[in-house]
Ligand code: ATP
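Quick setup: one chain, the form predicted alone, written in structure tokens, and binding and motion questions come after.
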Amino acid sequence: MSLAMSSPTPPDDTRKTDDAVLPVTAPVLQLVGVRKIFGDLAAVDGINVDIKEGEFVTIVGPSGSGKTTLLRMLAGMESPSEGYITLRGELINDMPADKRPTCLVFQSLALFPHKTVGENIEFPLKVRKMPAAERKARALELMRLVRLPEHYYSKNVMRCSGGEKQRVALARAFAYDPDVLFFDEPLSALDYKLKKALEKELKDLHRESGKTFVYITHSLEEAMVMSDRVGVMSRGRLVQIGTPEEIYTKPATRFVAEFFGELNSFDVRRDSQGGWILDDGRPIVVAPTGEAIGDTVTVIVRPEIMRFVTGPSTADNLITGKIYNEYSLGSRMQYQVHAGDKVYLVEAARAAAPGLSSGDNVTIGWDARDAIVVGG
């Protein structure tokens, strides 16, 4: 399916005031009503988003959510079936990838195995017929930027470690001097320690370069650590976009809340007295909402918000149960508490862990203001 479209009206880049006409910064990348349809499947279904100059935006979602298809359209490997994509106000729906001022860093890196580190980095510059001396100077400059030793310039790229190859691919991407860099899960094949190091280096590199990064990953940790904003996709739709803090503390839907970390959840209903009750009829205290009598909502309490209660307590909500198991999370401890047929998770800093163990009877609690309420 395709949709014949006239070119969209260019973004209005000025605004009038009583005294002058002032420039307005347009988004570097804009998607309006973007859809990609394969047969009867809308792999991407109505994406609207503006990406600002110099932002680090990460798109996350489960397998099949449409994030890779979206990236392929942004990079010029697919054309939208509907809607439009603009780069600095220019329509790029059908612009070939090699004509766009963008660069994609593949998961596989796509380095030339028979070439040296320097030759790999210089490839875009050689295509542009830059003189050899200038190419080498630029390659060495980029190697410093991505923290590769200068003597690696003559090293065969296949003799580099996984992390070093990653840096070579980044340096080559910067050699194109793109307006936007796209990343297709570039850290997914690396071990945990190296991945953590490169997450920080990528964020530093983004700050130092001032470039716009659009990053695709299934890793929530990568998204939370590196991004200015995170977009969450589900079934082809962008269901929420915001800062990592907003996504974690104010999820728009239960799906987003569950996707971004472990949680305790309660489906509750507003009773005839205006209060809230669980499915077993027990009352629960919920922060003020606009729901009417009979409406249902989901109350979410993150494990780090849930706390053990001993002695007299002012907690709004209390549950008694028994510790079934405990798990070490490094600097934190997580406890699994069984209460009837329900299972709850409680986290505490190791230094403040209460010294409980499996089989102990406990009371856990939380305050209404600390819970997250989403529609039922």
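Residue positions are given as counts along the sequence shown, with the first one as 1. None of the values given here were measured: they were computed from a predicted structure.
What comes next is about the form predicted in complex with adenosine-5'-triphosphate (ATP), which is not displayed.
In summary, the region of this chain contacting adenosine-5'-triphosphate (ATP) in the model of the complex, judged by heavy atoms within 4.5 Å and restricted to 322-330, 342-350, 66-74, 303-311, corresponds to 66-74.
Using a 4.5 angstroms threshold between heavy atoms, residue 228 stays clear of adenosine-5'-triphosphate (ATP) in the model of the complex. For the chain shown alone, residue 31 is not a contact residue for adenosine-5'-triphosphate (ATP) in the model of the complex, no non-hydrogen atom being within 4.5 angstroms. Remark: residue 46 does not count among the residues lining adenosine-5'-triphosphate (ATP) in the model of the complex, judged by a heavy atom distance of 4.5 Å or less.
Although the partner is absent here, residue 62 sits close enough that one of its heavy atoms falls within 4.5 Å of adenosine-5'-triphosphate (ATP) in the model of the complex.
Proximity to adenosine-5'-triphosphate (ATP) in the model of the complex, defined as a heavy atom within 4.5 Å, singles out one entry of 179, 119, 185, 201, which is 185. Site annotation in the model of the complex: the residue of 159, 218, 147, 282 reaching within 4.5 Å of adenosine-5'-triphosphate (ATP) with a heavy atom is 218.
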